[in-house]
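Consider the single chain below, provided in structure tokens and representing the form predicted on its own.
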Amino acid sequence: MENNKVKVVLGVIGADCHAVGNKILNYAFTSAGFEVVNLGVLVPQEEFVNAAIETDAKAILVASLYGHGEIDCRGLRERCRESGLGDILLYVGGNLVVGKTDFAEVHSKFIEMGYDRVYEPGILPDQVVIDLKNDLGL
């Protein structure tokens, strides 16, 4: 039987080992009918890209909760382009920077880095699912 579910790659980037949110997102996307390739925590950029290529994923969903997302996420869009994934959807969310920074500023930084969607802490997974379905035309 052929699996027609849309594949997405999910993981917590860099040296971040926060696993609870990752499990919640995995559940939300699986329940919404997506096939989730969950890379877990402590995931380097190369692993996101390689998993997306190997599985023909339509989106890469990156979480970062320890505040260093700005450092860990920089260059991921370029790495995707270099690997032939220039049009893959890139989402990022969590506590992306150290300290208290206005989210509008954080959002702008990540959009400039090539992310399609940027989520602040506390966003409900249902909203991310809705956005992904809309962005994929589902």
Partner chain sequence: MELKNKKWTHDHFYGVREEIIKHWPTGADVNFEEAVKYHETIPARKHFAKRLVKAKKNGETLTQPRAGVALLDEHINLLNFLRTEGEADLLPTTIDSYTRQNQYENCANAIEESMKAGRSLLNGFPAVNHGVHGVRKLVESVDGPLQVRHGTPDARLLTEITLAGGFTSYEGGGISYNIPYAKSVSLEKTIYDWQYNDRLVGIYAEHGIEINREPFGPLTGTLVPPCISHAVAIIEGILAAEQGVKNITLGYGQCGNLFQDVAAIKALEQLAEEYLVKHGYNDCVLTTVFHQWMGGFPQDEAKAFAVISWGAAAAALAKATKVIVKTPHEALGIPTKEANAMGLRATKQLINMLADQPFPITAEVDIEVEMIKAETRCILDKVFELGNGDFASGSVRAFEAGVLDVPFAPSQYSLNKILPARDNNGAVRLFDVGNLPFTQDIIDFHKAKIDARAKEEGRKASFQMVIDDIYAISKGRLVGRPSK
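None of these values were measured; they are calculated from a predicted model. Positions refer to the first chain, counted from 1.
Another form exists, predicted together with the partner chain; not displayed. Remarks below refer to it.
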I'd like to check something about Gly114: if you look in the predicted bound form, is any of its heavy atoms closer than or equal to 4.5 Å to a heavy atom of the partner chain?
no
4.5 angstroms heavy atom contact with the partner chain in the predicted bound form for Cys17
yes
Wondering, does Leu124 line up within 4.5 Å of the partner chain in the predicted bound form on heavy atoms?
yes
Is the gap between Ser83 and the partner chain in the predicted bound form 4.5 Å or less for some heavy atom pair?
no
Heavy atom within 4.5 Å of the partner chain in the predicted bound form - the one residue of Arg79, Lys58, Arg74, His107 that qualifies:
Arg74
Going through 80 to 107, which residues have a heavy atom within 4.5 Å of the partner chain in the predicted bound form? Please give them in sequence order.
Asn95, Val98, Gly99, Lys100
